[in-house]
Each structure stands twice: as structure tokens, then as C-alpha cells.
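One chain comes next, on its own, written as C-alpha cells: the form predicted alone.
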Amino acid sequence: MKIKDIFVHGKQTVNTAMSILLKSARIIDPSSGFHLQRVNVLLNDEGIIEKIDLKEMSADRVIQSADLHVSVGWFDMRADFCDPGYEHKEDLVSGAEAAAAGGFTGVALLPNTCPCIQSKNEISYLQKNNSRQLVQIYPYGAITRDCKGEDLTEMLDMHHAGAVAFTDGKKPVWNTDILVKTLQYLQKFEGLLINKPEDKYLTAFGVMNESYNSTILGMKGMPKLAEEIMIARDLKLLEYAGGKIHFTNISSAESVRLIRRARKQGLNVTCDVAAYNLHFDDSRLLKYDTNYKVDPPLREEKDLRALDRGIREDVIDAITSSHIPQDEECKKLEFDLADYGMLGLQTLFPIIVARCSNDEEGLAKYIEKITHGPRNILGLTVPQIQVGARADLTLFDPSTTWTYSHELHKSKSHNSPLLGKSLKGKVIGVIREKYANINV
């Protein structure tokens, strides 16, 4: 198959085979011999990297930008496409378009749909179009039936069908017996347990971070202790049962400390952080904007600094979009009644740029957390930027400013506080083998 489908904002504009030149692009890939070098990259019409060189080249299509960068295609390991069951919020098509526009060539999906992703049939449904689309879908299988934390699913069947890990997604595995049995069971095929660390009894009726700001707003807080006590519990159970565990969406300084210490003790533990927990603190809630109502909640500035250090010191392995679409009926409500969730796929990169302004090494570290990090956690092959490799690339410009307008917005839902805002850091496009989505 040749590169026949070039997309601009999701619409086909070219229908002929062509070669593509990435002109004067800085490579961001620690595993490449060209890391941090500015070179020309030529892709032939088969979607294969043909040349990487400083020399001038020609091609059917030339892609360039003021500060063009190229990395391995980005991977998001926590998103909800709401399909099946809640397609009015998002579906596999709109979710994939948002992912491509945001720079992602792979997305792992949460199982909290209707029905839940809890059998090989649901796994197959999510993957059925992978051979015909740019953005690859990687399903998570539910650990318990309907993610209720009571009865185990047929995880081995889902593993054979293509599930890349097992989790109850937006819900924590609260039952200690279930968690221990899952850790033991998954060892049969080196499966990964992903848990959202939260003690639901400690966060009951809470709507934001428990802090000075929750006090002055008069809203019940969700203490960081609810996350930290669950991490401490799970690490003890991991030490007892063996296996491996991944904590998703950690949000506090103490969580980083607990995981750092567990690593030093030799436990097989990894973790990720949502991009919004790196950028926004709980002062954003002072105007009661429900688009900032997320779970885990926005924390304090000291937690943001600790999470940033955790990334730079490799305690935190991945950054996620935590893309949770919600329709207006779920968000345009009194704050305590509104549902949790924020869109994240199209705005993750500007958040990274905001954390790494004028810091090329910091930018490279953050990019590693959305390329190599997620794939290594899930045991997936990491694409290569080298001659002869099949293209799986994200093109971006950290210095370009753009407006996140409704015309560029791809999700069916609109629950992002950044819609309509001017953002620094633009995704130029994505290319995977014979497919491409170019935004210039």
C-alpha cells in the first residue's frame, strides 16, 4: 500500500501516491542516532523512511515549519471514546480524529462503556478498523464484571483477543481480595494491572481538592490521602502477591515519593500523570468553571512541582491526556452536580510546552513520556526513526502559537477550558505508514 490518503483536519485532500519530505526537522528520539539534530527526512510513497540527511532533497510534498520537530508517533494510554453506549459524547471516529489532530498515532481506551469492555467480542469491536486507519486503538479489558469490583472477568480470553492491560478504568479496584487475585492471575501471561488509586470512602461527596481553596469556596474536598493510602495499600499487596502494577493519574507529591521508594525496593511498579495535573492547580476553580472539575482533582502548586520533578527523574513513566468527553447536560450544571472530566487529546502538547519553555532537554524528556514510556509499560513495540523503518511519526512545532477554535475542534463534546484560547505549541501532523494527517 502506498501513501494515498493525506488528511487535513480529517478531510481527504489528495488521492495520489506521493513521497514526503520533512524539511529541516529536529529529531526528538533518544534511541535515534539523530537525537536533537536538525536534518531532512524523506519518506517514500510506501510510507518508509528512505533517507535521513543534512543534504537537500526533493519530494512530491514538502512539510516545513519555523521550528519543525519530529518524534516517534505519540501514544496516549488513558482516554475514553465512549463507544459503545455513549456515542453522543464521543465515538471511535470522532475520538480518532481528535487523537490525530492532537498528535497521537496510538490510543489505549478505558473499558467504562456500555457494555463494559469485558469480553473478547468487545475487544474485537474496538480493534476491527485498525488495519484501515491512522490512529491505532489498543483496548483495555475490565478486571471485574461491569467494573463493579465484585466478580472477575475472563481476562485470559481478552488477552488473546488483543487487550493490552487490565483495569476498571475510572473506578478503583477497591476489593483487596480481587486485587491480589488479579495480580496473581496476570502473572500467567505477564499481564499488567492498572489501578486508579482512590479510596472512595475518603472522597465520598467531594468535588475538588481538599485545601484552602475548597474551604473558601465552601465545597467538600477530596483529600490527597485518598490517593496516597490506596497506593500504599497496593504496594503492600504487590510485595505480597508479586506481579506488576501501574498507577494511573497520580496527582500528589506524596504519591511520587511512595512510588520512588517502592522502585528502590525493587517492586515492579510504574505510573502516569494526567497532563491537566501538570498545568492547572485548584485555584482555577475559584470561578466555578465545571470544565476544571476532574478526577483526580486539580491539586496545589507544590504538587505540580513534585510531579514535574517526577517526570524529569523518571519516577513518572508516562503522561496521559485523560481525555474524558462530557456533553453539555453533564457539565452545564451546579458545580457539585456536574460530572467529572476534561477533554485532553488536542491540548496535551501545549501543556507540555508550557512546562518546558525554552528547555530543549526538558521537552525531550516530556516527549519521551508520550512515546517510549507508554509503549514500554504496555509491552508494545516502539517505532524507530531510522532508514528503512516504517513511518510512525508526529510532527510538531513548540514555538508556533495557534487558536484552539471550534473549527479545529474534533471531539463531539466541548468540555475543555482551553477552547477558544491562544495556545503555544502546535501539532503539524502525524504520519503512520500509508496514512497521514497534516495540519499545514
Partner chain sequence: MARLSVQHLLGIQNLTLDDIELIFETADNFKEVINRPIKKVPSLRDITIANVFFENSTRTRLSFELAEKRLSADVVNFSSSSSSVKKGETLLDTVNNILAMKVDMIVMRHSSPGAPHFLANHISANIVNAGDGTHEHPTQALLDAFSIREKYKSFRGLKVAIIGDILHSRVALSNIFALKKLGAEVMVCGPNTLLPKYIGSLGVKVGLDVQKALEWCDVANVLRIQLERQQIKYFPSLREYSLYYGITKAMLDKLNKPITIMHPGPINRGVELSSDAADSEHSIILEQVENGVAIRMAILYLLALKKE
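Quantities reported herein were computed from a predicted structural model and do not represent experimental measurements. Residue numbers count along the first chain shown, from 1.
Beyond the structure shown, there is the form predicted in complex with its partner chain, which is absent from this document and is the topic of what follows.
Of the residues M219, I178, A306, A364, just one reaches its partner chain in the predicted complex with a heavy atom at 4.5 Å or closer; this is M219.
The contact with its partner chain in the predicted complex, taken as any heavy atom within 4.5 Å, belongs to K332 out of K236, K188, H88, K332. The stretch that touches its partner chain in the predicted complex, counting heavy atoms within 4.5 Å, is 283-291, out of 283-291, 80-88, 269-277, 341-349. When its partner chain is considered in the predicted complex, T105 lies well away from it, no heavy atom lying within 4.5 Å. Although the partner is absent from this view, N195 stays clear of its partner chain in the predicted complex, with no non-hydrogen atom inside 4.5 angstroms. D314 falls outside the set of residues with a heavy atom inside 4.5 Å of its partner chain in the predicted complex.
N129 falls outside the set of residues with a heavy atom inside 4.5 Å of its partner chain in the predicted complex.
With contact defined as any non-hydrogen atom lying within 4.5 angstroms of its partner chain in the predicted complex, the contacting residues in 187-211 are F205, E210, S211, given in sequence order.
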